[in-house]
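Just one chain is shown here, as structure tokens, and it is the form predicted on its own.
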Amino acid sequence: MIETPYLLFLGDAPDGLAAKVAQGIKDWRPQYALGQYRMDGCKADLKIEDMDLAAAKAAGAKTLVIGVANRGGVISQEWKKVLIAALEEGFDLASGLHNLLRDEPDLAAVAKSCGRELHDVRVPSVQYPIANGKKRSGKRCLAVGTDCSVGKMYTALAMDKVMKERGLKSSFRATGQTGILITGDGVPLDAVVADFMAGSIEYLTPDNDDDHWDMIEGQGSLFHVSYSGVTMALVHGGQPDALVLCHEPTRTHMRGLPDYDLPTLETLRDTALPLAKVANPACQVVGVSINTAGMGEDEALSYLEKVEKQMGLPTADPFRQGAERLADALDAI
């Protein structure tokens, strides 16, 4: 188990979105987020207390969590200076990067000499099966996006929260590093061998009660040429009964791909639904989730109203407004 509370390491993140792991923990498990550690040049800010290692340790922090999700998931040499100092200060380290803590000889050596733990959450802990496509009991909802990092995890978490508040059967199913750090369980999908990705999602969302919903955390985008493979594994392995379309309207291009424009919500709907129907012919698109964090209140409300009229589907920002209307859409199935 990863000991809490956390000191969230933002490193030299170039913008807030690069620190989405830390932001997710702060938003959904604020009791774990004791403070933030930012290096010179860091452009991200969680709006919690900045702490150095000594102050965080004195305040009770147990684990330094790397809260940055950079392209390729690498640990820089500049970060290492802080990570080694944290181990020597008495912190455990936790990371969801592809670049594993345990594979860094200097970090492993210092951790061993200091008696500290290295937690790599992006390591599959189960021998997953190959997907068989057999229909499972229970219901499943998957968030799919026009791009990466548009709010798919927040949508699933918010819907799960509403369902539980209503006394309904629901489980959030984490499929990435942030979701796993928030909930303590899940499948690190993008670290699973390709042949077993869809099978890992079948494993994650097994047979359940007929009135139970699995809220599956979305990953990547069918339209993102770097990460579309993980999305397809979710679409087929998840066998969703319901899809929620997710979009961030202030983007000028796909995340990390300046030569690629974002697809429209209509294109997302008309692409994702036929693919989902391959594994579950009964699948429906039930709602739209819009990440309006980059908009003012009036602009956001106007945009949500416009999209709802355009798509003919309940539309909300589930973090800003709550996910009640999206949960209502599941009840209507």
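Remember, it's a predicted structure, so these values are computed and weren't measured experimentally. All residue numbers are counted from 1 along the displayed sequence.
Beyond what is shown, the protein has a form predicted together with a further copy of the same chain; the following relates to that form.
Asks: Specify the contacting stretch among 139 to 147, 163 to 171, 208 to 216, 123 to 131, defined as having any heavy atom within 4.5 Å of a further copy of the same chain in the predicted bound form.
Replies: Looking at the partner contacts, the answer comes out as 123 to 131.
Asks: Could you tell me which one of 104, 190, 241, 89 places a heavy atom within 4.5 Å of a further copy of the same chain in the predicted bound form?
Replies: Checking each option against a further copy of the same chain in the predicted bound form, the one that comes within 4.5 Å is 190.
Asks: If you check 295, 301, 279, 42 against a further copy of the same chain in the predicted bound form, which one has a heavy atom within 4.5 Å?
Replies: For this set of options, the contacting one is 279.
Asks: Does a further copy of the same chain get within 4.5 angstroms of any non-hydrogen atom of residue 222 in the predicted bound form?
Replies: Yes.
Asks: Although the partner isn't part of this model, could you tell me whether residue 100 comes within 4.5 Å of a further copy of the same chain in the predicted bound form, counting any heavy atom of the residue?
Replies: Close contact is absent here: in the predicted bound form, residue 100 is far from a further copy of the same chain, nothing within 4.5 Å, heavy atoms only.
Asks: My question is simply whether residue 226 lines the interface with a further copy of the same chain in the predicted bound form - judged by any non-hydrogen atom within 4.5 Å.
Replies: Residue 226 belongs to the contact set for a further copy of the same chain.
Asks: Hey, in the predicted bound form, does residue 110 get a heavy atom within 4.5 angstroms of a further copy of the same chain?
Replies: No, no contact at 4.5 Å.
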